[in-house]
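Only one chain comes next, encoded as structure tokens, the form predicted on its own.
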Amino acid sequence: MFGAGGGTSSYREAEETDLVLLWGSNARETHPIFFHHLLRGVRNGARLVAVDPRRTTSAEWADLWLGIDVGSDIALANAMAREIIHAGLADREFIARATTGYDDYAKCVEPYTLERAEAETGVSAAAIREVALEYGRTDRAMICWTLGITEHHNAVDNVLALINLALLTGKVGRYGCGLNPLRGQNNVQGGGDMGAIPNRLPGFQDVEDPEKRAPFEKAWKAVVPPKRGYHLSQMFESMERGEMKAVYIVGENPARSEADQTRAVRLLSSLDHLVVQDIFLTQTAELAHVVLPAAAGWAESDGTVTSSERRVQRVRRALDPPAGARDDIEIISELARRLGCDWGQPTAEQVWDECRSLSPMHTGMAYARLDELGGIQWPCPDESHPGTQFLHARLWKDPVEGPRAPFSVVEHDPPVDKLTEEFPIRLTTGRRLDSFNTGVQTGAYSSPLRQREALLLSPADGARLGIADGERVRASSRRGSVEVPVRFDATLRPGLAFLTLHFPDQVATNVLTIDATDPKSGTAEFKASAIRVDKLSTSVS
């Protein structure tokens, strides 16, 4: 919507804002570094509103918790927008100068009355109105979100609904305001910045634009394919059609991380050639024809990482890789040489300097400056530039510099996996503080915080089903079943269950999840599966 895929604000702003809407994010457990900054803001007087189906450990710190029904975020956002408009709190001057599409957007949100929103979301009309008016009246407010917004079949529309709220109230492009997708791993932002997106070159430059491709083709002395590639979901669809027969996977464990795990394993196992480059022999690597052992990027490599606030920082090798493992740059360069393209033996700094020469938003980030300044936030167009603390100040220029920001018409669209009498419980998934993704990097280490994986249920559901706390049950979706112990959790409302994907050897959670995907982003709907829970038979056959 704004031309670059990065959070608009800095961590410092979270400490000095007046209001934070933490939407679909248990940041205390999944983004603990950012949450420290957020808590500093709370201690400085900021109000915190948590929007989450669960009363998470993050929501415990909130002034107000909106216990939203899974998948009803657009209905909530549109109802808030309607209330803001009717209360006269829309920033009409900003809208007229800096945005497009407002009239169509206003018509879209008009049917989302407080009564309709309460029915769709499960949040009381009074609470929706309170948050809407507070967001509209507060001078400085930020919206932060994570997978609770994006792991849905309408992920992009969910994000657009939040962007609409910021545009409606002029809360973007100013200090202490903004829109911030928190990154769940230490270099997710950097991966996107470097072009690990099907339609982008480094620096978010459109691969289908001949003018953007030209400098890369000149530097690389090769033709850059002019069409966008596949995102991950499209890759699996291509495997299923028998078109994609060879796959090279670097630092990913899709045999355990993909929704509908059974399908993912079947398709990976059917490939003619699978290469996996990783620091561990993951479940995906066990399926591979060739495994390339890699150095651990956080301790055994040189390079850079980029945080959620767009800050590029140096990474330095502290240890040599173990025998047989090699740095990713070395592996890829050697592979290129054997394919007939000799790059020599580039260092991490040489690779970075090439990137700076081709990506305008990184041009001023020489290693020496990254060291001197403790990291730099992009965009940084030259070596006299200090970096950019917050994005899109251009929207407050008169006239606006560059394109105006568009409102988007988005409608409530409930989860694909419908609740029925056969599958009456909504399963949502997430992460915990002590563990990391599929558990490959953390599962072998003990933690005093860690408990064995269990299906979390409300005590009321346990009583209704005649299940005891700790009892082993069968959880089933329309795609498969797993046996799992139950643990009662008072943070869950009746009808809502929770699992992580950290311990696939204990519970194959992604056997239950649905691979309904967002057509724009390819993101699967991990957050909204329909399940039933059955007592295991105690009879002896």
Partner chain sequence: MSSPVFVGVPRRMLQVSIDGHDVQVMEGMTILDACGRLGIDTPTLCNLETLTPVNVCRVCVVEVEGSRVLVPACSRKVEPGMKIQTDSERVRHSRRLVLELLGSSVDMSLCAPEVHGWMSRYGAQPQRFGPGAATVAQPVKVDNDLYVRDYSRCILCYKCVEACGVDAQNTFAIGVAGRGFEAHISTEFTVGLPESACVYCGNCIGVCPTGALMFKSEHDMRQADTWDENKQHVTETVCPYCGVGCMLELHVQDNSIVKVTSPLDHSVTSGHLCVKGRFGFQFVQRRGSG
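Residue numbers count along the first chain shown, from 1. Computed from a predicted model, the values in this text were never measured in an experiment.
In what follows, reference is made to the form predicted together with its partner chain, a form of this protein that is not presented.
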item: Non-hydrogen atom within 4.5 angstroms of its partner chain in the predicted complex for each of W23, Y135 and T500; value: no
item: The unique member of T388, Q205, Q283, S307 whose heavy atoms fall within 4.5 Å of its partner chain in the predicted complex; value: S307
item: Residue (of S333, T442, T150, S270) lying close to its partner chain in the predicted complex, criterion heavy atoms within 4.5 Å; value: T442
item: Proximity to its partner chain in the predicted complex (heavy atom, within 4.5 Å), stretch among 197-205, 352-360, 312-320, 232-240; value: 312-320
item: Proximity of V247 to its partner chain in the predicted complex, heavy atoms at 4.5 Å; value: no
item: Contact test in the predicted complex: G191 vs its partner chain, heavy atoms, 4.5 Å; value: no
item: Close approach of A299 to its partner chain in the predicted complex, 4.5 Å, heavy atom; value: yes
item: 4.5 Å heavy atom contact, P448 and its partner chain in the predicted complex; value: yes
item: Sequence-ordered residues of 23-57 touching its partner chain in the predicted complex, heavy atom within 4.5 Å; value: R28, E29, T30, H31, P32, I33, F34, H36, H37, L39, R40, R43
